[in-house]
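We begin with a single chain expressed as C-alpha cells, specifically the form predicted on its own.
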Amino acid sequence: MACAIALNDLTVAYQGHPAVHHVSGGFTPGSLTAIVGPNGAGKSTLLAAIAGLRAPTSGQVVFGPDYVAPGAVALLAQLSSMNPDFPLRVLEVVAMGAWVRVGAFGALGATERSAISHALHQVGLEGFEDRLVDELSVGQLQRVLFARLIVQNAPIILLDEPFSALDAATTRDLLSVIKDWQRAGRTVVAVLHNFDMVRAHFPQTLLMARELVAWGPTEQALSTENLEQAQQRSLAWQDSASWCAAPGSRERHIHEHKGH
C-alpha cells in the first residue's frame, strides 16, 4: 500500500546538532501510530518536520498523492505551547478549523455552522459556544482544540502529547474521538509518553532515540530489547557531536560520535 507519509532518510538538526537523525519509513493510510521515546528523543521535532514547521537538514518528508491538497495535514501542538489569553470565544476557535474552506474572513454558512455544532457535541461542549477560552479548564480547552480538528476534517492528523495534564474523563472522551478518526480512514500520528495507553489504543508504534529504534506493530516495537536499546542510546547522546549532512556519511558520523 502506498504511504500517506514517507520519511526518506530524514535528518533535522538544531544549530548543527541532530534532533532527528536518518529516519526512514512510512505511515500507511488510515493507520493509528504512536511516536514514543526517551526525553529529548526528537519526537516533537519529527512531528514538526512532518507538519512542515521544521525544514529537513537532509532527507525528505513525502506525502502520497491523496494528501497534498491545502489543509490535508492538521497539527495539534502541545498545550504547554498554547497561549489561551486571547478574548476569543469557543465558537471562534472551533471555526478556525474551517479557514481552509472559507478563508480567514469568510462568512460561516449553514454547512460550516452545522459542522461546528456537531464537533462541539462530539467533544462534550454543547452550550459552550459563547464561553471565552481563558475561562476554560485545561481539559475543556483541549476539547475545544479537538473540536477545531474535527471541523478541519483533514485526512492526516498530528497530535503532540494530546493527553498531558488531562483528567481521566477527558482522556477517555478524546481517545474516542481519535478512534472515530481512524474508523473514518484518517491517518493519525500522536507523540505519547504513556506506554500503557499506547499498548491499549495504538496499533502501530514508532520508537526513536533521535535515530529510529523500531517501527511496526506496537507489541513488537515496545519489546523489552527495543526499549533498552532506546534507553542506552539516550544515555550515549553527545550534544556536542556534529551531524552528518551528506547521505552515505552516516557511518562516519557514528564513528566520530562514539569517539567523543
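Just so you know, these numbers come straight off a predicted model, no measurement behind them. Residue numbers run from 1 along the displayed sequence.
We do not show the form predicted together with a small molecule, though everything after this point is about it.
- Checking 211 to 219, 196 to 204, 32 to 40, 66 to 74 against the small molecule in the predicted complex, the stretch whose residues place heavy atoms within 4.5 Å of it is 32 to 40.
- The partner is absent here; in the predicted complex, the one residue of 28, 226, 44, 57 having a heavy atom within 4.5 Å of the small molecule is 44.
- Not displayed here, the small molecule is approached by residue 19 to within 4.5 Å at the level of heavy atoms in the predicted complex.
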